[in-house]
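What follows is one chain in structure tokens, specifically the form predicted on its own.
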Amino acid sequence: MRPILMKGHERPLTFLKYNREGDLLFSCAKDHTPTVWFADDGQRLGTYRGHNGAVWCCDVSRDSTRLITGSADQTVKLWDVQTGTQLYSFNFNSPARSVDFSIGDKLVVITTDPFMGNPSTIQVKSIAPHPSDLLTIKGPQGRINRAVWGPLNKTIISAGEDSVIRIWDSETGELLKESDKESGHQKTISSLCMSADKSHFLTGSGDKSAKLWDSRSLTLLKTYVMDRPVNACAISPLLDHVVIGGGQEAVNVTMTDRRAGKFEAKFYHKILQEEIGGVKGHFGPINALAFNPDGRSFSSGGEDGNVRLHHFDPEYFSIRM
């Protein structure tokens, strides 16, 4: 499996997202410029210019016409995917950390950071037919690193610095469920990834574990134990595999040898919780992971500013546990 090395960002990667067909890959980084690539050969198609700070997150609509990005410049911007034109900008009083389109792409859920006395918020905005505010939820302490839509847009699932996963009613903003303190994560939850059918989701945390949860009942299903903090995770849409990546805090990176740095994406069997293998390559912690919707390739984004695109060998599909 020869990776394709995609160089286009000058700063660490923060997020990766494939479109529904799996022919485009969108990447966000701390260099202000979200980028779109061909997901087959890693060729750079173009960039979306207009942000004035690190871009933390993005999402692309089902028909691949609209891209939404959340940035530290305190805006969330809506773009035309094809032309790169900025269509709309939501302005906030604090950095926007996470964005996620609802099923149908009419709504978006956005999280904003605690900043200058403003608490962290989860906000629901309408995009179609015209942009408007629908709901603001305040409550959780600390940064909310990720909020996504639950099944049928009925709920919003959020996770972040206080290591608790919460399920909210997406219409009233009422808190419906919280993850158990004992069985849940013990440190900041850095990433949250939904399964393709939205029936379960995977969370990665600084407590060196990733956990699989039921998205309706918030039952803890599986735990995958790593030997390093987890920054990113993804669920295979094809096989019963999850991929988990991380590394030590960026502060400590320069003190270690590359081989000692443990910068590899590890594959685990989703059901058996056993490690299947790993893919090395990054010269720094892995900050972003994404599976192609066809399950035949995956990409990883690192602190080193590179995106690595991996097409699986035929042997991968016949791994027996």
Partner chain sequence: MAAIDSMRPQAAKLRWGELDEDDGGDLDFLLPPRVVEGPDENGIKKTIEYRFDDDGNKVKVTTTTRVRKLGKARVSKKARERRNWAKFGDALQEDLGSRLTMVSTEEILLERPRAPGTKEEPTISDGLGGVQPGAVLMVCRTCGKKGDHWTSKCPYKDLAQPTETFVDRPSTADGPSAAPSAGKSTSYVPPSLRGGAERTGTEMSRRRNDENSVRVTNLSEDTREPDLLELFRTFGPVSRVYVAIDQKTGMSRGFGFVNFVHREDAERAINKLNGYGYDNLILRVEWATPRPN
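Being a predicted model, the structure only gives us computed values, none of them experimental. Numbering follows the first chain given and starts at 1.
The same protein has a further form, the form predicted in complex with the partner chain, not shown here; the description that follows concerns it.
Is the partner chain in the predicted complex near all of 152, 200 and 237, within 4.5 Å of a heavy atom of each? Heavy-atom distance to the partner chain in the predicted complex: none of the three under 4.5 Å.
Which of 81-89, 123-131, 181-189, 201-209 sits within 4.5 Å of the partner chain in the predicted complex, heavy atom basis: Looking at the partner contacts, the answer comes out as 81-89.
Partner-contacting position among 286, 58, 29, 36 - heavy atom within 4.5 Å of the partner chain in the predicted complex: Contact with the partner chain in the predicted complex is made by 36 alone.
Residue 43: touches the partner chain in the predicted complex, heavy atom cutoff 4.5 angstroms: Yes - in the predicted complex, heavy atoms of residue 43 and the partner chain come within 4.5 Å of each other.
Does residue 273 make contact with the partner chain in the predicted complex, using a 4.5 Å heavy atom cut-off? No, residue 273 is distant from the partner.
Decide whether residue 277 counts as a contact residue for the partner chain in the predicted complex under a heavy atom distance cut-off of 4.5 Å. Output for residue 277 is yes: heavy atoms within 4.5 Å of the partner chain.
Taking the shortest heavy atom distance, is residue 308 within 4.5 Å of the partner chain in the predicted complex? Contact check for residue 308: yes, within 4.5 Å of the partner chain in the predicted complex.
In the predicted complex, residues of 5-20 near the partner chain [heavy atom within 4.5 Å]: Heavy-atom contacts within 4.5 Å come from 5, 6, 7, 8, 19.
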